[in-house]
Structures are given as C-alpha cells and as structure tokens.
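Single chain ahead, by itself, as structure tokens, in the form predicted on its own.
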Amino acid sequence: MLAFWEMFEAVRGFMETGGQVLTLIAGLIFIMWIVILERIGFAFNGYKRVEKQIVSAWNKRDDHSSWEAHQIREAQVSRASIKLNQHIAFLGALVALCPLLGLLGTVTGMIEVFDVMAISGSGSARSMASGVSKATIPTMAGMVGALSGIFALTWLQRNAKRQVELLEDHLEVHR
C-alpha cells in the first residue's frame, strides 16, 4: 500500500510540474490506448468470427465464377476491410494531436517564463524553473505518446492489410 501511495504521489508531482497541458495530454494518451487495445482485441478475437462467417457463406455458394459472384466476393472483402480499419483514422488523429499538444505546453510554459522575467525584472534561473519545466515536460510527454501510438497504429494498419489479403486468398474464384 505504501508503494502504491508513493507511486501516486510521484505521478501527482509530475503532473503538477508539467502544468495543465500535461493533464490534457495524459487524457489524450489514455483515450488513444483504449482505442488501440480495442482494435488489438478485435484483430485477435472479433475478426476471426467475421472471417469465419464470410468464408463459410462463400463456401456455401454454388456459383464462384459469375460476374455476380465476383461482386459478392468484392463486397464481402470490402466489409471485412471496413471492420478491420474501423477507428484507424481516429487513432491517427489522436497520434497526430499528441506532439501538437506538447507544443502547446511548450508555448504556454515559455509564456510563463517570460511573465516571470517581466515581473521580476531579472533572468534568475530559480524564478524561471517552474515555467521551463512546464515548457519541456509536456513536449516530452507528447512525443512519448505519439511514438507509442505510431508503433501501434502502424501494426494495426499492416495487420488489417494482411488480413484482407488473406481473406481474398480464402475466397476462391473460378474463372
């Protein structure tokens, strides 16, 4: 329990040092990882059922060579692709927002530094330390969030593309 309390205090201190923008970045990263985990869960569990239903329905068909059969196959592949790529654009937007919010934190932190310099009339490092930390920590947090999200986003996009190609291979057509 003591270790949990110490960890909580460390996180709280870090969040206070980074300013309000850091709280916004933390919320954004939390939402981003919820979406990423949902997509990974769908890729490993939900999509298997979808693929099984599509392949089963296709194998029950007698006609695999007519123009109509080709159109049905294309429609099934498109539906699977849409399900695999669901929320990927939203995830890309969240990944892109992370460094931008970090930049916002940098700007607001530097404004605080300049305010301190204007009020105190000096460039004392001690008086500017709070503003400098509010300028640098959100930038770091935004970059870390974007980097972690870009790896997951890339994997999800590559997995979706590969699964669609595999589905196309499973839906045999006769020419």
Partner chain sequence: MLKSIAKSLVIASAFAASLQVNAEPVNLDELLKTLEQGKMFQSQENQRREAEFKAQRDQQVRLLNEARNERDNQIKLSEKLETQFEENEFKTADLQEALDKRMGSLKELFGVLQQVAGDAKNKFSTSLISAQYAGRDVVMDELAQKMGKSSKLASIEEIEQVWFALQREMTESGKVATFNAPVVLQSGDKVEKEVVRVGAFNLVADGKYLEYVTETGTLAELSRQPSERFLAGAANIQTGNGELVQFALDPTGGSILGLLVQAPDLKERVEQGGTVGYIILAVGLVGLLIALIRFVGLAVVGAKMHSQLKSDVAKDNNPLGRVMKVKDDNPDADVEALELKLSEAILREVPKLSRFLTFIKIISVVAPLMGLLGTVTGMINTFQAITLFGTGDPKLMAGGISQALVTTVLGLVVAIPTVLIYTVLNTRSKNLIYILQEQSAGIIAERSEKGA
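The structure presented is a predicted model; accordingly, all values stated were derived computationally and were not measured. Positions refer to the first chain, counted from 1.
Only in words, not in the display: the form predicted in complex with the partner chain, which the text now covers.
- The three marked residues, 140, 153 and 172, fail to reach the partner chain in the predicted complex, with no heavy atom of any inside 4.5 Å.
- Heavy atoms of residue 115 reach within 4.5 Å of the partner chain in the predicted complex, making it an interface residue.
- The partner chain in the predicted complex comes within 4.5 Å of a heavy atom belonging to residue 61.
- Within 4.5 Å of some heavy atom of the partner chain in the predicted complex lies at least one heavy atom of residue 119.
- Contact check for residue 101: a heavy atom falls within 4.5 Å of the partner chain in the predicted complex.
- Across the options 145-153, 46-54, 132-140, 64-72, residues that bring heavy atoms within 4.5 Å of the partner chain in the predicted complex belong to 64-72.
- Residues are counted as partner-facing when one of their heavy atoms sits within 4.5 Å of the partner chain in the predicted complex; in 64-99 these are 67, 68, 71, 72, 74, 75, 76, 78, 79, 82, 89, 90, 93, 94, 97, in sequence order.
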